[in-house]
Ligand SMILES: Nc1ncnc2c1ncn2[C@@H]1O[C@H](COP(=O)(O)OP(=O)(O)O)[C@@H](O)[C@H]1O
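What follows is one chain in structure tokens, specifically the form predicted alone.
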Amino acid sequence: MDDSLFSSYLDKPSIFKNKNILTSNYIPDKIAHREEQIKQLASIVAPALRSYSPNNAFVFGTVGTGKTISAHFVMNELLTAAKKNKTVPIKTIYINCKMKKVADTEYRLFARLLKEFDCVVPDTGLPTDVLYRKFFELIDKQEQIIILVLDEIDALVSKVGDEFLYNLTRINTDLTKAHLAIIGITNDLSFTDALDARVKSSLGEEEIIFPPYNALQLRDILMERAAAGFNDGVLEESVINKCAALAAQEHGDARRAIDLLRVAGEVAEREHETKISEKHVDIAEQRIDLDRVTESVKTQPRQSQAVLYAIIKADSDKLGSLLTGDVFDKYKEICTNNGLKILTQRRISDLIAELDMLGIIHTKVISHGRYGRSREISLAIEGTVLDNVKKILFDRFGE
């Protein structure tokens, strides 16, 4: 093929110096405004350097507050210190429990753990207790300390229960050579409240809270990333301020701030512009919101998708406020037409609450005095995002 198709891209200098630095999974040498939390986590795992088993810990905080990146940073520093000081072998394992087909079931979790020790098991077919026993035998072959970081741990517990956590926390009572410590990371600040009493007791966890970043802190983070990620002179001064302000409105989400900055750069580069301006941030925000919402809708369980489609259809039929009963009527029609089991109205209320938490809809409880209360529902998405969601759901359920 004639290379002229890409010559305009290759001949023009790039806006980016190193785009990888402008991704949320990049781990910098220093993590700004998380020094206290990093010190806390480091003090919890430090006993491993003297061959003692660290305590279990839970790391709490909303999306984009630096939990995962800080955990990776501390684990990397721990392994460096262990290598330098020739301690008992330390192994750190990071697993995201929300990753589909990786660790979203108890079986897959233990299959992944075994893979870390070069033991491959079939995707399905073995009893879970066989995998657990294999894992136990493998890790206890030698003296070692294993620190297991379970990110999005609430997603797995809500799906399969907390029995696997109990088994993992009790493992140390039977191990003779190895020690296992668990660090759970969750966006759900009330996660431990719902755990079984024996699980909470066996965890004996320490807690670290990651508060949301404010706009000034986000600006500092973006300034550091921009200096290393972009070429000199390509950023208008107001761009970083705007990205920081927008992300501060989203519960202080640093991940969103970094994504906005990177995507704004990509938009400018595609438009063959040499500077990134606020208009590119506006386009980036629309693009990210579209991707976030459509991906969220695609990955929802079928029942949740049916409820959302019912809300969209009821919203287009009704001029006034939309109530749970209106949604339930449409939901039953969709289930009947698609051979889907009809859930109770109470369960539908739970699914509506979950869609509200995802930011796809808004709900508001209205008091009618002695006549009780009702919940008003409205869509939180519009324009191109709504059109895309409608298409996804129409392809799944039809008219």
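The model shown is predicted, which means the values in this text are computed figures rather than measured ones. In this text, the rigid core denotes the largest set of C-alpha atoms whose superposition between the two forms falls within 1.5 Å. Note that residue numbering follows the sequence shown and begins at 1.
Not on display, but discussed next: the form predicted in complex with the named molecule.
This chain is drawn without the named molecule; in the predicted complex, the residue among K39, R50, K30, K364 with a heavy atom within 4.5 Å of it is K30. With the partner omitted here, the residue from N187, S277, T192, N241 that has a non-hydrogen atom within 4.5 angstroms of the named molecule in the predicted complex is N187. Each of Y213, I221 and R255 places at least one heavy atom within 4.5 Å of the named molecule in the predicted complex. Stretch-level contact check against the named molecule in the predicted complex with heavy atoms at 4.5 Å: of 170-178, 115-123, 213-221, 286-294, the positive one is 213-221.
The closest non-hydrogen atom of Y26 lies within 4.5 Å of the named molecule in the predicted complex.
A residue is said to contact a partner when one of its heavy atoms sits within 4.5 Å of a partner heavy atom; K313 fails this definition for the named molecule in the predicted complex, lying far away. Proximity of A46 to the named molecule in the predicted complex: non-hydrogen atoms within 4.5 Å are absent; the residue sits far from the partner. When the named molecule is considered in the predicted complex, P54 lies well away from it, no heavy atom lying within 4.5 Å.
Looking at 48-79, the residues that come within 4.5 Å of the named molecule in the predicted complex, counting any heavy atom, are T62, V63, G64, T65, G66, K67, T68, I69. Core-aligned CA deviation for Y26 between this form and the one not shown: 2 Å or greater. Put the two forms on the same core and the Cα of R262 is off by 2 Å or more between this form and the one not shown.
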